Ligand code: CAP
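Here we start with a single chain on its own, the form predicted alone, put down as structure tokens.
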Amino acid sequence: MGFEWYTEFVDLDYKPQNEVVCTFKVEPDGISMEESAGRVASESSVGTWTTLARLPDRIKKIMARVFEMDEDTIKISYPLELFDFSIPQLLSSVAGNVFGMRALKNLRLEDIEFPKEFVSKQKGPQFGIEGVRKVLKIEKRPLTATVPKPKVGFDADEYAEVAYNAWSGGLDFVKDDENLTDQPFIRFEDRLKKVMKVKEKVEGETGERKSYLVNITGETNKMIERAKLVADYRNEYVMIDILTVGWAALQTLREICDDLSLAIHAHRAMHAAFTRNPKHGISLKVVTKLARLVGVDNMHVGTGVGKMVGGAKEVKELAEICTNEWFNIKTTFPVSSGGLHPGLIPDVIRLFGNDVIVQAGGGVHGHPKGTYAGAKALRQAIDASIENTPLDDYAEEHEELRLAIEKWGFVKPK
């Protein structure tokens, strides 16, 4: 039938050396696991659907090879010669046509392991956890952030007022949400100008450093223009919806932000479109690894206890991907966000430790006494958790925390 060469891509005696290794979960459609595995390796490297009249031996040497195979999982090794070391080209190779093959019911890219040579050609975060802490002058405690709610609709003055109350209440970051950029009711530069004026005022009043995670997401040249504007206003950060702008744009902005000394806060908007199905797509583990390789300084990884999909085991693994030692690559600050409120803070800190950015939106602005009190309640919950003091006990002498617990208790929202 002409399909016989797929199994040539399966070599269970092969031992990868200095190669990229991908782990796939495979569900065949009417063919054997061996042939399914061979098809994935073939289509993602040098193969095609039939035997060829001409295939030089030197090309055979750079074939991808399936070297492990069990009931539903395979591991494929890819020689480095197959890559140009950009993230878009990597994904076009290992995660390109393979997801559309009719011979497979489902295919999921679970993990990618990179050798030192590949990693060493990536920039990684410019600041990392240590650098971010140095900018904010906070050595140990978890950092705090909030998104003004509602996430869109405020004008620039209203937005700046919410930012003032959040920062004054003790939070470190104010963050735009994923869909707030340059709408008619709140133009980008007007918002940036007014929030930065408030930031300067709060820093003078509190003696604490603050920062604004301002969303520059858009067409690549527009993002570059906005990043330069952010630097002109002497802010430390930009925020990018890394999946909607794409890996090429993110790599470009990483270069620009290096020149401008701007840290990158990565929002993972749209990820669940291809990470949520456990049988098909690409895992958030892969996305998080690639984001750290490209060089984001903060990365949303979920909460394990909030409103978003992702249990504690997965969230802990993602946090470790952000913080584990990885050749020359600096660490990335994991961000815990999505349905958080003060009553959940002990769970978050038990899961992450102190190296986490705790982001609460509704859990700050929904406080019975408003944003300022909500910010204070969040900081109080963190202080209590660090001291290993039960929140109920701490709340006896801290009204803001007490009111937050009376409203939300310890409920995990859905």
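Keep in mind that what you see is a predicted model, and the values were worked out from it rather than measured. Sequential numbering from 1, following the sequence displayed.
From this point on, the text means the form predicted together with ligand CAP, which you will not see here.
Considering ligand CAP in the predicted bound form, the lone stretch of 220 to 228, 147 to 155, 90 to 98, 324 to 332 in range is 147 to 155 [heavy atom distance within 4.5 Å].
Ligand CAP in the predicted bound form is not approached by Pro346, whose heavy atoms all lie more than 4.5 angstroms from it. At a distance threshold of 4.5 angstroms between non-hydrogen atoms, Thr288 is out of contact with ligand CAP in the predicted bound form. By the criterion of a heavy atom within 4.5 Å, Glu236 is excluded from the residues contacting ligand CAP in the predicted bound form. With a 4.5 Å cutoff on heavy atoms, Ser337 counts as touching ligand CAP in the predicted bound form.
The candidate spot formed by Glu161, Gly169 and Thr371 is out of contact with ligand CAP in the predicted bound form: none of the three has a heavy atom within 4.5 Å.
Of the residues given (Arg268, Arg191, Arg292, Lys210), Arg268 alone sits with a heavy atom within 4.5 Å of ligand CAP in the predicted bound form. Just one of Gln359, Ser36, Ser42, Ser385 comes within 4.5 Å of ligand CAP in the predicted bound form, counting any heavy atom, and that one is Gln359.
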